[in-house]
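Just one chain is shown here, as structure tokens, and it is the form predicted on its own.
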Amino acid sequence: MNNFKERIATELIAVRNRSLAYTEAEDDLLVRQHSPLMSPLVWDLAHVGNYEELWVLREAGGITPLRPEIDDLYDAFKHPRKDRPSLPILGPGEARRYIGGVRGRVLDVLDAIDPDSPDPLHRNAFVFGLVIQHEHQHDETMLATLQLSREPGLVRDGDLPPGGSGGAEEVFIPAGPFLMGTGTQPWAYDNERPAHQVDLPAYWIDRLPVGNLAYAAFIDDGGYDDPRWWTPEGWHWRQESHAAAPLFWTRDGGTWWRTRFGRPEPVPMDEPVQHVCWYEADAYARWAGRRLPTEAEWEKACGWDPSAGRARKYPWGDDDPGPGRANLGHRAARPAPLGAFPAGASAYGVEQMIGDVWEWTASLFLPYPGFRSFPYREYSEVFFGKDYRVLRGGSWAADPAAVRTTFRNWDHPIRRQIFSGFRCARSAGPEQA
């Protein structure tokens, strides 16, 4: 096995160890549904194995199906999350045996695959990038489920660097074209393609994500009770949900507390705000006299290198993320303090755009010009339209293998259980442009 394939094998082992670590718990916790928004953890565990079987073993390897009778149970488009506990899904022990059996055959396919093949699933080992990223995404979903369970002691924490002080609040992004999306990243998804030129007017964008201290000021100023700051849909959500703070926040006297993986703690005011939905982010931005950036504005500020006239894979360049550049891969079970990663700044000087929290943008999830579905419509195409807003950047729970400047996440504007935050932007005035 050559070095390229050895690196893929290492990634496969790492992501599987992660999935197993998040499901090292009593069977009752794994089979229970902790929220109708989420699947039982054991469903996610077997689903990642079934996805591997479908795409690596059957589609890429031509191997006879191992368990075709369970395909329907793990088809995410046939069964909404709220209905999955009623399905005859595999129990924890059987799920572990099944995914282990699939994985052994997956490594055989990896050994035989030709990454120079014209077959798009084989070329650059795309099918392995597909399953590795898919499993990491489900691992992040598992972490969201574990947070909703409010069970303590299930999720490890870790150390993070201290925050930084000083620096401009906003960064100016000059007018001009840039190349959005990608045609060169071998494991990029269909919705990131093709690369295309976008010409933007000048704008300002926050150097850092909006922090808990700033968001608490919005709450204290009555932001949740003033319909001026909310869209009509957002105000309807606010009244129906009775939300008065980010999810998992409570106030005790003059102190804000949050419950993080089953344990209460004072809200750290120097962290990016987390667990807010799009409507909350949009309302805050209006209250602050700002707006959410479009995803094109976000991507230009994050990945465009104006001096080189090209896009970077990450804000700092093309080198892989390291401990001094971003908070990724569940290094700790929380966002890092604001200003913790000056070495991870973009060419324009915008910081913490990768890791910490997914950032809501103003944009609907729509296809790029020239979009083509691959390898299946249900990954992206069926979600295009007015129902979903785009998030960018990746959270502390996202793995580096599943994050880049062009990566597009999306969700309903009411979702708060995800590790989501935001930063603000504003258009430049005529004299600045």
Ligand code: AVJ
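Please read all numbers here as calculations on a predicted model, not as lab measurements. Position 1 is the first residue in the sequence shown; the rest follow in order.
The same protein has a further form, the form predicted together with N,N,N-trimethyl-histidine (AVJ), not shown here; the description that follows concerns it.
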Only hit among Asn212, Gln137, Thr182, Ser363 for heavy atom within 4.5 Å of N,N,N-trimethyl-histidine (AVJ) in the model of the complex is Gln137
If we test each of Arg103, His330, Lys313, Arg81 for a heavy atom within 4.5 Å of N,N,N-trimethyl-histidine (AVJ) in the model of the complex, the one that passes is Arg81
4.5 Å heavy atom contact with N,N,N-trimethyl-histidine (AVJ) in the model of the complex for all of His47, Tyr379 and Asn409
yes
Of 255-263, 171-179, 129-137, 295-303, the segment with heavy atoms within 4.5 Å of N,N,N-trimethyl-histidine (AVJ) in the model of the complex is residues 129-137
